[in-house]
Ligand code: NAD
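The chain below stands alone and is given in structure tokens; this is the form predicted on its own.
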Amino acid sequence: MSLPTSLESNTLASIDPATGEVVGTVPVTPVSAIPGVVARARAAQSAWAALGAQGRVEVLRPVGPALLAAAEELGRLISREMGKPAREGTGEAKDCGGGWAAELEEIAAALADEVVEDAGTRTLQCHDPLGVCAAITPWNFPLEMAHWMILPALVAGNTVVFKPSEETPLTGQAYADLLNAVLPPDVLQVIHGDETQGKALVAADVELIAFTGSRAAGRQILAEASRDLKRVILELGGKDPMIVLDDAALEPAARFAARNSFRNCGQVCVSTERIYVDRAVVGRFLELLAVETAKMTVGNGLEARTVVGPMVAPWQRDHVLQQIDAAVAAGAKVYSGGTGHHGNFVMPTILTDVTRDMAIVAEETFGPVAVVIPVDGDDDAVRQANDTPYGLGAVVFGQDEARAARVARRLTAGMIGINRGVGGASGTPWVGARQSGYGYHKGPSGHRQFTQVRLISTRKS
């Protein structure tokens, strides 16, 4: 975790996981102040909503160029706060800033009134603001995940109370500062702290809670939200499988597996954590995966050569190493990597001879570990891939794409990629299934999650 909050100074320190240095501090928001923050958001909401979607778009439009201009600086800040290579942090900022104008228009179009008619009734279907939205965001994509929640909430006419992760408070604050340069007072407010502040915000007088994080935290949020039947949008991580069929092109499959298992030090909700490979090709696949893994230089994210940075904090490092050690003690074999761990750096590791009862197969790892499991044909691969409560993403590699698509359709995940990653075409949502998702983000369907559907009906003359 970050440095403990000081009761005397009441500040939260952000720590560089590569060096242990303090990157900066933010003031912790007293729990007693949170109801007042929400009350100010509520007071500001009606005037913000009255601007209309297009009016709100025009207010927000200048933020895109400002975000692009700050991309390099933000990339370095993201790297220093949570460890990912700075170029990836810069890419995160450029993705958000570069697509800003188009996304504003997409959100506004998704929220436009629609007329629905039948023989006797004319109905105006509206997408109206909900009120006050709580946005509680993770540390692994500290800018992009905030963007996914806050921008559609604002364009929809809600006001937002934003709690960034305690591991990346400076990035969250920087994003909010760019928005607050153009927003009216109290339309977007930031609170800082740990789960204490998060729980207080969830319990506060808000209409919607948007959260990305652990399944355990999602359960707690859902239980608390049920008291007042608050709306929720939850993305709760995963244990994503990859299936390699016996006709797969093994070189690109191995390249993808290495990249998707180890990028951001495995701290990605759609990281490949379980790889099911047809027994006929598993030996060659492992050889190729080891070669690709060896290319992934580990180091400080500010160094140009780095492909894999440190884990975000000691608690996450310990979680990953404990899973590896427990698996090896129970009979798993380290095929590649597994040594040289130091500080918050965990070396990319490939494990074989794992079994379903091992935590590293059954539970989310969120670290640079890939387990490779041989399977006997497509049915066995599907059965084992679906043997999980999670269901965020999955990937199938096979040269016969019709066959690969049939396998994909049988997987209990919200997003499945064939010979590629899980992200869909522009305009489609980011959606999980089972215990990985409750609601969804992005695309017209995701944007409407931040609204109340209201029907106004009249008789047709």
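Bear in mind that the values here come from a model prediction, so they are computed numbers and not experimental data. Quick note: we count residues from 1 along the sequence shown, nothing fancier.
The same protein also has a form predicted together with ligand NAD, omitted here; what follows describes it.
The candidate site formed by Glu363, Ile373 and Gln384 is entirely out of contact with ligand NAD in the predicted bound form, as no residue has a non-hydrogen atom within 4.5 angstroms of it. Screening 122-130, 253-261, 161-169, 301-309 for residues having heavy atoms within 4.5 Å of ligand NAD in the predicted bound form returns a single hit, 161-169. Residue Glu235 is the only one of Glu92, Asp278, Glu235, Glu103 with a heavy atom lying within 4.5 Å of ligand NAD in the predicted bound form. Contact annotation: of the candidates Val28, Leu392, Ile34, Val63, the single residue with a non-hydrogen atom within 4.5 angstroms of ligand NAD in the predicted bound form is Leu392. Contact annotation: Asp194 falls within 4.5 Å of ligand NAD in the predicted bound form, judged by heavy atom distances.
In the predicted bound form, no heavy atom of Gln322 sits within 4.5 Å of ligand NAD.
In the predicted bound form, Cys269 approaches ligand NAD with a heavy atom inside 4.5 Å. Contact check for Gln220: a non-hydrogen atom falls within 4.5 Å of ligand NAD in the predicted bound form. In the predicted bound form, Ile136, Thr137, Pro138, Trp139, Asn140, Met145, Lys163, Pro164, Ser165, Glu166 are the residues of 133-168 with at least one heavy atom within 4.5 Å of ligand NAD, listed from first to last.
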